Structure formats: C-alpha cells, structure tokens
Ligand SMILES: C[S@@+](CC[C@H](N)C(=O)[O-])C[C@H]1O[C@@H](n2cnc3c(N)ncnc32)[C@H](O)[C@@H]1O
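The chain below stands alone, shown as structure tokens; this is the form predicted on its own.
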Amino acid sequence: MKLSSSACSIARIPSLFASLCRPICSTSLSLSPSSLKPTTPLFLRPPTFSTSLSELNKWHHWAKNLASSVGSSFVHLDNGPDSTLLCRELRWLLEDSLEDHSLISQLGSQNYHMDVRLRASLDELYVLWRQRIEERRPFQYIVGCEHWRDLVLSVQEGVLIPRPETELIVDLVKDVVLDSRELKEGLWADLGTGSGAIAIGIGRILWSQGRVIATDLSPVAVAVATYNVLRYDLKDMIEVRKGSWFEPLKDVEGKLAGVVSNPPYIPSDDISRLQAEVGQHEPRLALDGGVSGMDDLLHLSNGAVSMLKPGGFFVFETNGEKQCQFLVDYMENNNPGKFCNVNIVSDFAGIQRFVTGFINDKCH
C-alpha cells in the first residue's frame, strides 16, 4: 500500500454485479472448524429486510447531510475524503443495499408507501454511515468488498484493502509468463496475501497451467483469501496457507517459479500520521515495516534466493524511490551474483514502486 488517499478512491464497476452476485453455500468453504468465518459482502446478502420509500428517503437525506457537513475538513486533516467522494460512496452504499437499483432515482418522489427491499436493515444503515463519517471507518469495510482489476473481493477488518497500484504486480507477472512456458506452468507464491487479490489475479493468468500458494500470518486474512478463492472457483489452482512469509513453504524450497509480495513497508513512526481510514482501521501487521520500513522487504529478498529455482522471477512492492534503490543495492551487495536483470518499475502515478528480477540463470 502507499501513503495516500487511495484507500478511499475506489472505482466501482456495477456491470460486474450481475455475474458476481451469487452467494457461496457455507458448506463449500473448506475452512477448519476453528477458522474464522468471513463476513459476507453487503451486495451478496439476500434482501431480507424491507422499509418504505419514505423511511429510506429520510435516511438518505440524513446521510447526505452528514457527508456534506464534512466539506474538505478531512482533506486538510490527513488527506482524507471530501464531501464529493463521500456522497459518491453513499450512492454506492445504496446500490449495494437495494434489491432494485432503479429505486434510487425515485428517492424524493411522492410514492412514499412503496415497499423497498434491502440487504441490511435501515437501523444498520444508520450505524454504518455514522461509522463511515464519525469513526472514519473505510468504505470498503462498510460494504465488505473492494473492486480491484476485474474482481470484486471480500474485505473486512483485519485484512488490508488492496490498492490500485498493486494491480501492476499481476501485469508484471503476465508479461514474464507470456515469454516463458516454464514460468507459466510453474509454482508461484504470493506472500502476505491479505484478501488474496494478487494470488487470484495471477491464478487467472496461469489458469490450469500453473499453481499459486498464498501465505499469510493473519487467520482473518487466511479466511478471507480462502473465501475469495472459492468465489472465483480457483480452489484447484490456489492454495492458501497460514504462516509467516516463507515458513509455510518449506516443502517447496528451491522449486518456486515466482515470488510476489506487497509486504508491510511503512516506517513504524509514520503509522500515526497516516490517513485515519488507514492508520486507525487497517491492520498494523500489514502496514508496519519496522523503523525504516525495510524489515520485511529485506527478509523477502534474502528468502527468494533459496526459495526460487534458477530462472525464477520476483516482484516486490515498496514505498517508493528510496526503498526501491535501497533494496536493489542490498541485493547486489549482500547476494552478489544471485540476482540478475533487477529493475525498478514505476506505478500508474510515475512513482518508483516495484523491484523485479530473476534468479541467476536468466542473466544475459
């Protein structure tokens, strides 16, 4: 993730709802009895609640006024969302809550007694929107999902919200597997998988030709990633394992075709200065990279040497130019001759964000 308001700037893709609004039977979740049960995203819940259009209109008027009262105060405070974005989120909340989206255009009409079916009670909607404004709870946690690439991923407290810039990791993998049958048919690892976003993105590129193991230390992340893998019917391609970084992968040491990760890389002292939606709500385990922010990045680069097979590919996300250059220098000085074709790749905003490369036999 990066130090910006990207946690709030999400792109909604309504056209995906028709194909993705199919709930998973709880018995299909292959989680152990002791595992945490993921929260079902709002748009996948059945519309079991009802209210009148008049009461919904009253809620909407209250919610819109609350959003408008923010103005640009959050922007000045910590680069948070302004009223324009909050009002946009309010419409998205309505879309996820209503069984019939066409009713949104009738808000404010005279058809007060029309019955409206909802996926959450009106009381819950009052609570959720108050949390969004007064507690700065991330919108993605409010609705329980994030739109990322062409995916709609379940997210909840305890799981990092996937960022737009991280999508490039999947594109970088796509580029290398197109040029290498061995990499496309190989075993990949997504370390610190969180919601499973990167693993699923890579799995949809490899399809039946390769496999992905996704690891995470957080039991909440393991449960949510498993849920998302099952929703996209990739359980035969993607295995989710609980554990820290390479620890769950001892059985495949030296056999990995690729390693990818978006690890914690925020310096510890910077956490308190993050946007409230991030610093106060997203898991510190997924944010805090130690004093310099480099602890986990250095650990990953060291582990990649023994875990990747010759010719294996890696891509790590960082906090920006300084971390990228530090990591490249570290690889060259601490593991001379082990890595080759090491590059720094910029994100959509032109910020140096990723370090990529291969294990030695790809050198030219």
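Don't overthink the numbering: it's just position in the shown sequence, from 1. On a predicted model such as this, the values are computed, not experimentally measured, just so you know.
The form predicted together with this ligand is left out here; the points below concern that form.
Remark: Val170 does not count among the residues lining this ligand in the model of the complex, judged by a heavy atom distance of 4.5 Å or less.
Although the partner is absent from this view, Ser244 contacts this ligand in the model of the complex, with a non-hydrogen atom inside 4.5 angstroms. In the model of the complex, this ligand lies farther than 4.5 Å from every heavy atom of Gln140. Using a 4.5 angstroms threshold between heavy atoms, Gly201 stays clear of this ligand in the model of the complex. Only one of Thr226, Ser218, Gln275, Gln156 lies close to this ligand in the model of the complex, with a heavy atom inside 4.5 Å, and it is Ser218. A heavy atom within 4.5 Å of this ligand in the model of the complex is found for exactly one of Gly210, Pro263, Gly144, Gly80: Pro263. For a residue to qualify, one of its non-hydrogen atoms must sit within 4.5 Å of this ligand in the model of the complex; all three of Thr166, Thr193 and Leu285 qualify.
Picking from 210-218, 122-130, 170-178, 86-94 the stretch near this ligand in the model of the complex, with a 4.5 Å limit on heavy atoms, gives 210-218. Residues of 147-180 that come within 4.5 Å of this ligand in the model of the complex, judged by any heavy atom, are Leu160, Pro162, Thr166 in sequence order.
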